[in-house]
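Same protein, same chain, two forms; see structure 1 and structure 2 below, as C-alpha cells.
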Structure 1
Amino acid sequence: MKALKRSPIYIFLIIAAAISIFPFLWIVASATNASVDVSNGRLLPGAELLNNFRNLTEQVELGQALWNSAKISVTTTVLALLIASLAGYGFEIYRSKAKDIVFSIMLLSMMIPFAAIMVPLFQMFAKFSGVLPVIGIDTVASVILPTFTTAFLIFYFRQSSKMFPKEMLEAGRIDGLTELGLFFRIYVPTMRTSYAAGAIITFMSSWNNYLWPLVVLQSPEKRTIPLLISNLGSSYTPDYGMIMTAIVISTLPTALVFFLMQKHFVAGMVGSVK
C-alpha cells in the first residue's frame, strides 16, 4: 500500500533523472558519430570515436589546454580553501560587531554580477602588466587572482564552523597550541568534509570558467579547455563529432573529482546547512 502511494513520487523522480542525464548521454553518443550523423540527430553510438579523437589531437593542442586548465583549477582550489576557511573560521570563532558588519558587506558583494566588475579588473591587470608582468594580462596569475576565493565560499565555511565544537579549541589552548596551531591541527582535520565539498565547488567552477579567461588570456598556448572548445565551434563548418569528443574529455576531470568526493560533499553540505 505504501509502495502504491509513493509510486507517483518514484515516477516523477525517474522522469526528472532521465531528463537530467539525457544531455550527457547524447553528448557521449555524439562523440562516437561523424559530424553529419550528429547534425542529423543520431542518438545511437557509432564507430567514429577514434577518428574524432585523432582529428582533435591533430588540429588543436588538447594536452596543453588540459594542462592549463588543471594548473589553474588546482591552484585556485588550494588557495580558495586556505583563504576562505581562514576567513570563515575567523568570522565565526572570533565574533565582534565590527566583523559582523564586514561580513554583511561581503555578503552584499554577492549581488554584484561579475560582468559589472570585469572591465575595471581588466584595466587593473593591464596596469600591472607594465609594473609586475608576472600578474599582468595574459598570465596564469591574472586568471587565478580574481577568482581564487569568493564571498559564497567564505559564507559556506562560516556556516560550517557553526557546527565545530568550540571545546576542542579551549582544550588546545590549554595544551599550549597557538591560534594557527589550533586552526591547522584541530580545525582543518575536523572539518575535512567541508573542505571536500568546498574543493568540489571551487574546482568545478574554476575548470568551467569561460568569461574571464576569454578576456584576459590572449596567447593561444595559454588557452584553457573551455576556450579551446569554443574555438572549435566557431569555424564555418564545425566538426560536431570532434567537438563532442572534446566536451566529453573536458567533463572527465570534474566528474572524477565529484565521484571521488561525493560522500564527503553530501556530508559537508548537510553540515553547513545545519
Structure 2
Amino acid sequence: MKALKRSPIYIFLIIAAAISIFPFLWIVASATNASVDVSNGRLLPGAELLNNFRNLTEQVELGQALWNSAKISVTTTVLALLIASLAGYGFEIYRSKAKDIVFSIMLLSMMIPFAAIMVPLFQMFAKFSGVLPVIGIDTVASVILPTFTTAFLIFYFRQSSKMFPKEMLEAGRIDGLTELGLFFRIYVPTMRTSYAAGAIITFMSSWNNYLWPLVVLQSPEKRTIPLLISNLGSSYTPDYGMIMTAIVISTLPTALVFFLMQKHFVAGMVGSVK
C-alpha cells in the first residue's frame, strides 16, 4: 500500500533521471558509430571508435587543444586558489571595518556581466601586445590574467575561514611563526578540503570557458577544447561519430573529477552560500 502510494514519485524521478542521462548515453554510443549510422538513429554501440579517433586526430590538433586547455586550467586553478584564499583569510582573520567595506565593494564585481567588460579587456590586452607581448592578445597569459581572480572564490574562502579554529594561530605565533608562515604552515594544511572543493569548481569553469578565449585567442594552434568543439559543431557536413568522440574526450576530465570527488564538488558549490 505504502509502496504503491510512492509509485508516481518513482515514475517521475525515473523519467527525470532518464532525460538527464540519455544525452550521455547517446554521445558515448555515437562515438563508437560511423556518421551515417548516427544520423540514421542508431543507439547501440558500434565498432567505429578507433576510426573516429583517427579521423579526429588527422583533421584537428586535438592533442594541442587538450594541452592548451590543461595549461590554462591548471595555472588558473593554482593562481585562483592562492590569491583568493590569501584574500579570504585576510578579510576574515584581520577583520576591520575598512576591510569589510572593501569586501562588499569586491562582491559588487559578481554583478558585472562578462560581456560588458569584454571589449575594454580586449583593448587592454591589445595594448599589452605592443608593450609586453608575452601577455598580449593570443597568449596563454591573456586568457588567464583577467579570469583567475573572482569575488566568488574570495567570498567562498572567507566563509570557510569562519570555521577555522583561530586558537591555532595564537599557538603558531607563540612558536614564532611569521604572519605569512601562519597562513602557509597552519591555515593551508588545515583547510585542505576547502581547497579541494575550490579547485574543482575553478578547474571546471576554466576548462569549459568559451567566450573570453574565443575573443582573445586568434591563431588555430592556440585554441582550447571548447573552441575546437564549437568549430567542429559548426561544420556544414558534420561527421557525427568524430564530433561525439571529441566531446567524449573533452568531457572525460571534468566527469572524472566529478565522480572521484563528488562530495568536495557539492561542498564547493554549496559551501559559499551557507
Partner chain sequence: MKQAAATNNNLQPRRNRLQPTWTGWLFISIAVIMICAFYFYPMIQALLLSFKTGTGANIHYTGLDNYKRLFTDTVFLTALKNTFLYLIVQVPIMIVLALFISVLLNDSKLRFKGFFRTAIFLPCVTSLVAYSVVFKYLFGGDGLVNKLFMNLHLISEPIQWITDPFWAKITIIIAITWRWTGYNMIFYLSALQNIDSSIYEAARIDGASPIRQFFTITIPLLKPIILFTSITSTIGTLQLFDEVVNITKGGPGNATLSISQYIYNLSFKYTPDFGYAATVSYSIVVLIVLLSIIQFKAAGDKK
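We call the rigid core the largest set of C-alpha positions that still match within 1.5 Å between the two forms. Sequence positions of structure 1, starting at 1, serve as the residue numbers. Just so it is clear, the structure is predicted and the values come from calculations on it, not from any experiment.
Novice: The form predicted alone: 1 or 2?
Specialist: It is the first structure (the form predicted alone) rather than the second.
Novice: Are Ala31 and Pro113 part of the same rigid unit, between the two structures?
Specialist: Answer is no, each lies in a different rigid part.
Novice: If you fit the C-alpha atoms of each rigid part, what angle in whole degrees does the small part swing through between the two structures?
Specialist: The rotation of the smaller rigid part against the larger one between the two structures is 10 degrees.
Novice: How many angstrom apart are the two C-alpha positions of Tyr10 between the two structures, if you fit on the rigid core?
Specialist: A shift of 5.8 Å at the C-alpha.
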